[in-house]
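First, one chain by itself in structure tokens, the form predicted alone.
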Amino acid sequence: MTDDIKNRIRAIIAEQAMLEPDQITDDATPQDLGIDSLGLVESIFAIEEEFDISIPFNANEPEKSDFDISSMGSIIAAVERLVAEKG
């Protein structure tokens, strides 16, 4: 289940970054992948739709969000938590 979530998120991020999913590593930041703030917002919307969850992310004040976007690993972990809570 967890691998499935991780793979689906990687596919969404890869599409946004115009990369292959296997190029999306857990320690990569959105900036490393060439994803700007708009791309990040689009990715978050896509992830919300994919998993039918609501991500507590404010694009205007990302540092005040309860959603850690510092790396792909943290994004994946946060989404997995949200999916589990929705359970």
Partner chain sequence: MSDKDKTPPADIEALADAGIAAPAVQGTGGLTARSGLRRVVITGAGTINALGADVASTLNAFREGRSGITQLQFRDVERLSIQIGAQVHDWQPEQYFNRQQILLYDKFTQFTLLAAKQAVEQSGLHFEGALGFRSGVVLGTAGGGLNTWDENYRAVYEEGKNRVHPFVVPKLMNNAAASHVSMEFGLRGPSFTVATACASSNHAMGLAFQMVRSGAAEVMLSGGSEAMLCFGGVKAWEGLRVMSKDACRPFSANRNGMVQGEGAGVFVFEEYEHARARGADILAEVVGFAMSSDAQDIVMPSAQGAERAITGAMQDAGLNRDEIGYINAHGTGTAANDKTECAAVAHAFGHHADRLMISSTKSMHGHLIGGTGAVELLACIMALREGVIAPTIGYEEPDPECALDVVPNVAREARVDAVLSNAFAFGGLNAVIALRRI
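Note that the coordinates shown come from a computational prediction; the quantities given were computed from them, not determined experimentally. Positions refer to the first chain, counted from 1.
Not pictured, yet referred to below: the form predicted in complex with its partner chain.
Interface residue remark: E48 is counted as part of the site for its partner chain in the model of the complex, having a heavy atom within 4.5 Å. At the 4.5 Å threshold, heavy atoms of Q31 stay clear of its partner chain in the model of the complex, well away from it. Though the partner is left out of this view, I35 does not reach within 4.5 Å of its partner chain in the model of the complex, counting heavy atoms only. Looking at D52, you'd find every heavy atom of it more than 4.5 angstroms from its partner chain in the model of the complex. Contacts between 41-78 and its partner chain, taken as any heavy atom within 4.5 Å in the model of the complex, involve V41, I44, E48, I55, F57, N58, A59, N60, E61, K64.
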